[in-house]
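Next up: just one chain, as structure tokens, the form predicted alone.
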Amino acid sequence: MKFRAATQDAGCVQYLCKAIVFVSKLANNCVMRCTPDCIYFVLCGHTVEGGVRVWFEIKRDTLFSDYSMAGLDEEHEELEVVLETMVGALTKSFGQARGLRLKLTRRDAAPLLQMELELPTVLTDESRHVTHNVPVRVVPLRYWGEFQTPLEPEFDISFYFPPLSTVRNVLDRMRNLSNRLTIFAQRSTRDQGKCSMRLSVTNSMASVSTTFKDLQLPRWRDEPVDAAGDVQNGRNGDEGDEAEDAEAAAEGVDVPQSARPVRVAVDIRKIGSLLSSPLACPTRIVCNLVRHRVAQFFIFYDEVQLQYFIPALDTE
């Protein structure tokens, strides 16, 4: 197995470090999956234990000027990396780094991810090189299937999430009341291309909610179109939730089948970790909800893409 990647762009080094720091806040260990076109940082938490799933994609051409790999099948290879060690090596000097080289090496039969940072000197124009060896473990071939590209869930509703800064301010106040956050989304009955989302927390003393209106619905491939020519975003025809239907009926709203409300209760701390990204503001965020099952977030940046799965606290 061979892997080598390098960049001589200081901005790319800093961006890569911020990305790794962000993933390390979600878990100490993860799997670095290398393919000919991309590097992925994959975290597969156990859903039964409330763990999240993370799929962080970095395209080779956006950050690396030199890139080569050769796995067992010449398509990909998986390395288990202790991110805490990797972050410690990068954060000590990445602010001054001019370049970075990554290479899979071996010492005493133990695999290592060699990180060589090119740093400036104070008195001369010459560079100095600092090398860190991060211990890794090659994932056995029989487990590679667990780290493939995640399948898109058959969501009940999909919409563009509000700006992170706005949602972060709301959640910072809500987290003091409860760790249980309920995401309630419903397609608009007036405009089929929009929906509303309500975030709410409840404890024994109070109930607080914030509503975001007129959120756009993304157009997914192979989506059915109804008789009026509108895209049917999400699934239709399922039974829904009696509490949600009763709440809509109490408000005097006649809810059509295509606008059944969707509700998912998640741990507010796990969404908080997602919103605390040190990366620049994403270009867009898509939220997919599967009723009482999972909340999935697609976060798109200029250079990278992140998928984040948060399992529901209570399932049917």
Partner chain sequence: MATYRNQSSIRHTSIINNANDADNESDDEFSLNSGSPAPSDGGRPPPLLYLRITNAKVVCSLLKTIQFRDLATICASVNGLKVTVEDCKSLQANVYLQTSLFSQYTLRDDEPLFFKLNYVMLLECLQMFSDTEASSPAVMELFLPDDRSAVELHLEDAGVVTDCRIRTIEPEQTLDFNFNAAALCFKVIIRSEQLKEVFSELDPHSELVEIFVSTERRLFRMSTFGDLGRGVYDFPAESEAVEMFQSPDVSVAFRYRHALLKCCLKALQASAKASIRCDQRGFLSLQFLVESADGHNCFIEFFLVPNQPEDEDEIAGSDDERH
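Keep in mind the model is a prediction, meaning the values are calculated, not measured. Residue numbers count along the first chain shown, from 1.
This next part talks about the form predicted in complex with the partner chain, which is not shown.
K.L.:
Does the partner chain, in the predicted bound form, lie within 4.5 angstroms of each residue among T166, S196 and S209, using heavy atoms as the measure?
P.N.:
Per the other structure, all of T166, S196 and S209 touch the partner chain.
K.L.:
Within 4.5 Å, heavy atoms only, one stretch in 121 to 129, 103 to 111, 197 to 205, 135 to 143 touches the partner chain in the predicted bound form. Which?
P.N.:
Going by heavy atoms within 4.5 Å, the stretch is 197 to 205.
K.L.:
Would you kindly say which of R263, R60, R53, K270 lies with a heavy atom within 4.5 Å of the partner chain in the predicted bound form?
P.N.:
It is R263 that has a heavy atom within 4.5 Å of the partner.
K.L.:
Considering only heavy atoms, tell me if Q216 and the partner chain come within 4.5 Å of each other in the predicted bound form.
P.N.:
Because no heavy atom of Q216 falls inside 4.5 Å of the partner chain in the predicted bound form, the answer is no.
K.L.:
Is R173 close to the partner chain in the predicted bound form, meaning a heavy atom pair under 4.5 Å apart or at it?
P.N.:
Taking the distances in the predicted bound form, the answer for R173 is yes, it comes within 4.5 Å of the partner chain.
K.L.:
Could you confirm whether F161 comes within 4.5 Å of the partner chain in the predicted bound form, counting heavy atoms only?
P.N.:
So F161 does not count as contacting the partner chain.
K.L.:
Could you tell me if T189 has a non-hydrogen atom within 4.5 Å of the partner chain in the predicted bound form?
P.N.:
Yes - in the predicted bound form, heavy atoms of T189 and the partner chain come within 4.5 Å of each other.
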